[in-house]
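This document starts with one chain, in the form predicted alone, laid out as structure tokens.
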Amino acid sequence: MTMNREELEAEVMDLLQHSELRMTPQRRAIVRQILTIPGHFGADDLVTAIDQTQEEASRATIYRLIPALVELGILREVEHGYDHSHYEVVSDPAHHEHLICQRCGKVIEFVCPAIEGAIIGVCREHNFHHHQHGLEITGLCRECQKEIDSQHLSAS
């Protein structure tokens, strides 16, 4: 069951209160802003979003807080191996995978019971108890494929 924004904010603040992180007005502002961002975001997206509010939070505080939120299980890192990572709020226990466009950076979430079943099967076969997994498939989204195809046609 997905929590509404207020329930999620209360749970996140409670987790932070019981962690080693001191709750400062900057950290509260960052968490509130994170919970308003739909979908995936990068640290720079968060900096921009905070800059557009009346709240004060430094770039350094944002960059230090994100890994702590990942470690606490509040955020999930969803993109690795590029010049920056993207994150999402862990608010719904339903697991999903990601398609990532290498050209425009678009992230498409999908659910595939066959993949989930295969992972469970592999873990059983090897008597392995897994805690989490993530699948990221990189390539080109439909829009970027169309752009590239039209560029090749016009160049011919």
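Sequential numbering from 1, following the sequence displayed. Keep in mind that this is a model prediction, so the values were computed, not measured.
The next section is about a form of this same protein that is not shown, the form predicted in complex with the DNA.
Checked against the DNA in the predicted bound form, the residues Ala49, Ala43, Cys101, Val31 give one hit for a heavy atom within 4.5 Å, which is Ala43. Shown alone, this chain has one stretch from 114-122, 101-109, 31-39, 63-71 that lies within 4.5 Å of the DNA in the predicted bound form by heavy atoms: 63-71. Contact annotation: Gln17 falls within 4.5 Å of the DNA in the predicted bound form, judged by heavy atom distances. Contact check for Thr53: no non-hydrogen atom falls within 4.5 Å of the DNA in the predicted bound form. Not displayed here, the DNA is kept clear of His95 by more than 4.5 Å at the level of heavy atoms in the predicted bound form. Taking the partner from the other structure, the DNA in the predicted bound form has a heavy atom within 4.5 Å of a heavy atom of Thr24.
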